[in-house]
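Here you get one chain, nothing else, as structure tokens; it is the form predicted alone.
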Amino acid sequence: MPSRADLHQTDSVVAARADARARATETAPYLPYRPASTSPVVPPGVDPAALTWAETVAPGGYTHKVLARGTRIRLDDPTGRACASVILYNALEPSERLNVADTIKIPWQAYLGAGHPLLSGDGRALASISADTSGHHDAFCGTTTDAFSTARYGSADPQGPTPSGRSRFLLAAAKHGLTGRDLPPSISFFQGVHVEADGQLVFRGSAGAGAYVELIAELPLIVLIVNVPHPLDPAEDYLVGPLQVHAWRGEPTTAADDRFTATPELTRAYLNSIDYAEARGL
């Protein structure tokens, strides 16, 4: 057994193993919590034992997860600097994915908020926004590209300090057998954009520290999230804060929910999702 003085040396297999094991209890500020119930920042009112996903995503980081229908997903911006860019897929048929154009066109509303569905191109609600204390979101601009990040920050290297949103999405997508051809435009939470009367896109930034958004998975989902600066953020530096993610089991939207009958368009989107789920015994 190596002595304590030998720890953190890696000049042999035995020393490398001892070094790795000596670090087993070390923690980092940005990591997934396993089991999820060990999260140090469990959302108020949520039983830690009910959590199925808990993670703090680093600035410039990404995460991904497959979630069951009915799952509640909560995104928290503890510093007011997070920018959660999100893409959703039907986990049973990933060719069905978030359609940002339909998400703002079908509900007749370009600005995301509580009650808004996140629609696929097949007219189904993949998810819906059940709570929102931010109101500063964006369904127009997508995330940053390699060309943008290289021009703004000098590099878009996914392993470097200033990765682009697309490079991060590519890494997350690959974990589910998806490629760049499978990446649709994303939506962004916590960094707002407003369209002026002349069509100009104006960056509104954050609502401030402590805002959160909650989603309901209306179908089984593949969720991809990246946390990089918004492309319209005027800051020259790569400024983005941590993002907290939690999920727990729940029930999807039903006809007894006010969201279901809020508008004829929403009723149809939820009916389409329910029809799909029932046909597959979900």
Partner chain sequence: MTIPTTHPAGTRTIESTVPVGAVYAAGTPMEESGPLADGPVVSDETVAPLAPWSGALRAGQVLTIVDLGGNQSADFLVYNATETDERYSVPDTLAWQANAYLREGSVLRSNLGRPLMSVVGNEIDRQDTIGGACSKESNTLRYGYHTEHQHGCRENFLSEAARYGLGARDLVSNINWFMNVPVEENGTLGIVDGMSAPGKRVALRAEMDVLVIVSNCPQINNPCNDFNCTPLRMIVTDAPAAAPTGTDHA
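Only a predicted model underlies this, so the values are computations on that prediction, with no experimental measurement involved. Numbering follows the first chain given and starts at 1.
As for the form predicted in complex with its partner chain, it is not shown, yet the points below apply to it.
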Which of 68-76, 126-134, 208-216, 182-190 sits within 4.5 Å of its partner chain in the predicted bound form, heavy atom basis: 182-190
Complete contact of 37, 248 and 280 with its partner chain in the predicted bound form (any heavy atom, 4.5 Å): no
Contact of residue 174 with its partner chain in the predicted bound form (heavy atom, 4.5 Å): no
Distance check, residue 163 to its partner chain in the predicted bound form, heavy atom within 4.5 Å: no
is_contact(residue 83, its partner chain) in the predicted bound form, heavy atom dist at most 4.5 Å: no
Its partner chain contact in the predicted bound form: residue 271, any heavy atom under 4.5 Å: yes
Residues in 133-152 close to its partner chain in the predicted bound form, defined by a heavy atom within 4.5 Å, in order: 140, 141, 142, 143, 145, 147, 148, 151
